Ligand code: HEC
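Given as structure tokens, the chain that follows is alone and in the form predicted alone.
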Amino acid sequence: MNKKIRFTNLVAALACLYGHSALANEGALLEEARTLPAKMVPRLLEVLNEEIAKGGHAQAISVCREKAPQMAKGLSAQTGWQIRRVSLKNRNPLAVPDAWERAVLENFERRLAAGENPANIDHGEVVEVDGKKIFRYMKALPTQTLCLQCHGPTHQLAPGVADKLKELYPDDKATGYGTGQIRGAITAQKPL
């Protein structure tokens, strides 16, 4: 009987240690994931502002269309995370969220409606996909005043933007936003 109790206690202790280790690992992954938007978003805004200054908002659409995906790809190669942008109201057909991303984005909208600061809204967790565990992370991208020239109400878009959007994105869903709304998110995942 005494051996059985000691064995049970050992199993419980190992499970506890494993659980704490898994939680610590998940916490470390969350902290690592939280650094990703800070590595990409400020640079993206800088390049966007430079392009607006050179040729206006219609010309700057190329930054979000071409340079942002390149930045995400470069950061993915540098960090080992698979990174992209998604939205419930996508402009780029490649920015359609998968089921997990859609659920998280919908949760972001509920959190925003409950009064949470959109700049602080994020989510990360370990999920299983095809029998493999991966860590998934999303960070809300709130609409800034700058964004409204291409993503605001259609009657308030910057000159030439509506025509350029029709040309490049005939199925565009990404207008009608106001400042502080969630335009989309940066999403990242890493296999465990």
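Note that residue numbering begins at 1 and tracks the sequence as displayed. Because the structure is a prediction, the values reported are computed rather than measured.
One more form of this protein, predicted in complex with heme C, exists but is not displayed; see below.
**Student:** According to a 4.5 angstroms non-hydrogen atom cut-off, is Val129 in contact with heme C in the predicted bound form?
**Tutor:** No, Val129 stays farther than 4.5 Å from heme C in the predicted bound form.
**Student:** Answer yes if any heavy atom of Cys150 is within 4.5 Å of a heavy atom of heme C in the predicted bound form; otherwise answer no.
**Tutor:** Yes - in the predicted bound form, heavy atoms of Cys150 and heme C come within 4.5 Å of each other.
**Student:** Taking heme C as it sits in the predicted bound form, is Ser76 near enough to touch it, meaning that at least one heavy atom pair lies within 4.5 angstroms?
**Tutor:** Close contact is absent here: in the predicted bound form, Ser76 is far from heme C, nothing within 4.5 Å, heavy atoms only.
**Student:** Can you tell me if Val104 lies within 4.5 angstroms of heme C in the predicted bound form, counting non-hydrogen atoms only?
**Tutor:** Taking the distances in the predicted bound form, the answer for Val104 is no, it never comes within 4.5 Å of heme C.
**Student:** Can you pick out, from Leu146, Val47, Ala162, Leu36, the residue that has a heavy atom within 4.5 Å of heme C in the predicted bound form?
**Tutor:** Contact with heme C in the predicted bound form is made by Leu146 alone.
**Student:** Just to make sure I understand: among 102 to 131, which residues lie within 4.5 Å of heme C in the predicted bound form, judging by heavy atoms?
**Tutor:** Heavy-atom contacts to heme C in the predicted bound form: nothing from 102 to 131.
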